[in-house]
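As a starting point, one isolated chain is supplied in structure tokens, in the form predicted on its own.
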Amino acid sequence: MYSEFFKNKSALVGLTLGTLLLLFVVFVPIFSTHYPNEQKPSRKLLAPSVENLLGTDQFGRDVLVRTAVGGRRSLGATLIVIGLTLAVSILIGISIGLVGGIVDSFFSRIIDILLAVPTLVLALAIVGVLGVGFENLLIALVISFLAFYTRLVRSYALSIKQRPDVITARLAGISWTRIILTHIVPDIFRQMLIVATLDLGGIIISIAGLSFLGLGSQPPDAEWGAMLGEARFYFSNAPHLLFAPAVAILLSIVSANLIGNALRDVQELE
């Protein structure tokens, strides 16, 4: 699988873009002489120059450094959301899929109710209950994506439960715990990893969109969506403020989608 993946052109392009983006967000703040929250009112809204490669914002802060630091927050939050969603959905989905009966019916109805509400609408409602803040935004997104992922995991678990190797293992007297850890979880995780990779772009957009509305990162913290939200007020005289976070979001989404498509194509070849 891995050899085929690295031969895939989409994978190579996606990994290249992703690697360049990661190098940018990791090393630019380390080697820059500017600080992300350092305000210089006398240098506000300056166009890109040698000293400030992407210009400065309304407070005189360096846009390049803030974009890199904002990338750490945005990409890190995306990985946290997808990681927690995968972990919780695999745990719940396998449990209700294997237990079955009234437990399966009960949780399935809850999942149906959650799936009836659009993801962003549900996230907005949860943030409204928990309050504005980046941590609350991440919790809201995990809950919002959890229903869809749990349903997929449950379906995979029900399918794997009927596989010949699992049935043979049960007839041989192997415990369910061992079967789950050696047969069910690895297969489901591989399947869900492809789904999660394809969803990375959507999660990045969700985090940026809600932060753009002021529901995520709060000033002075840098985050791509929040930076776009602040920049819209200065578009007429400082359009460069929109460029950096917008391009960063675009590149991260393209990278994630290319990698996800490559994983899906390799999986279909097996």
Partner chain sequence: MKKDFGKSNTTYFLRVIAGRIGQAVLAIFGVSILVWALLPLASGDTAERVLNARGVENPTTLEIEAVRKEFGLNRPLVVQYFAWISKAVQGDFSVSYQSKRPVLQEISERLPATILLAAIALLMSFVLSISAAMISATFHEKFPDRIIQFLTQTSSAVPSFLLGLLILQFVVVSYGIGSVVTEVSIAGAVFPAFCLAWARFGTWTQILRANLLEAAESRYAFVAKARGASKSRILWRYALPNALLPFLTVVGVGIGSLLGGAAIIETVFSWNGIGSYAVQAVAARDLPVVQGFVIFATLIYIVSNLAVDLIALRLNPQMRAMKTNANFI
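Positions refer to the first chain, counted from 1. Bear in mind that the values here come from a model prediction, so they are computed numbers and not experimental data.
One more form of this protein, predicted in complex with its partner chain, exists but is not displayed; see below.
The stretch from 130-138, 100-108, 169-177, 73-81 that comes within 4.5 Å of its partner chain in the predicted bound form, counting heavy atoms only, is 130-138.
Just one of Leu181, Leu193, Ala87, Val117 comes within 4.5 Å of its partner chain in the predicted bound form, counting any heavy atom, and that one is Val117. Of the listed positions (Ile92, Val185, Ile126, Leu158), a single one reaches within 4.5 angstroms of its partner chain by any non-hydrogen atom in the predicted bound form, namely Ile126. Annotated contacts: Leu146, Leu152 and Ile203 are all free of its partner chain in the predicted bound form [non-hydrogen atom within 4.5 angstroms]. Although the partner is absent here, Arg232 is a contact residue: one of its heavy atoms lies within 4.5 angstroms of its partner chain in the predicted bound form. Interface membership of Leu228, defined by any non-hydrogen atom within 4.5 Å of its partner chain in the predicted bound form, is confirmed. A residue is said to contact a partner when one of its heavy atoms sits within 4.5 Å of a partner heavy atom; Ser236 meets this definition for its partner chain in the predicted bound form. Put simply, Leu215 is close to its partner chain in the predicted bound form: some heavy atom of it is within 4.5 Å.
Residue Ile113 is the only one in 91-113 with at least one heavy atom within 4.5 Å of its partner chain in the predicted bound form.
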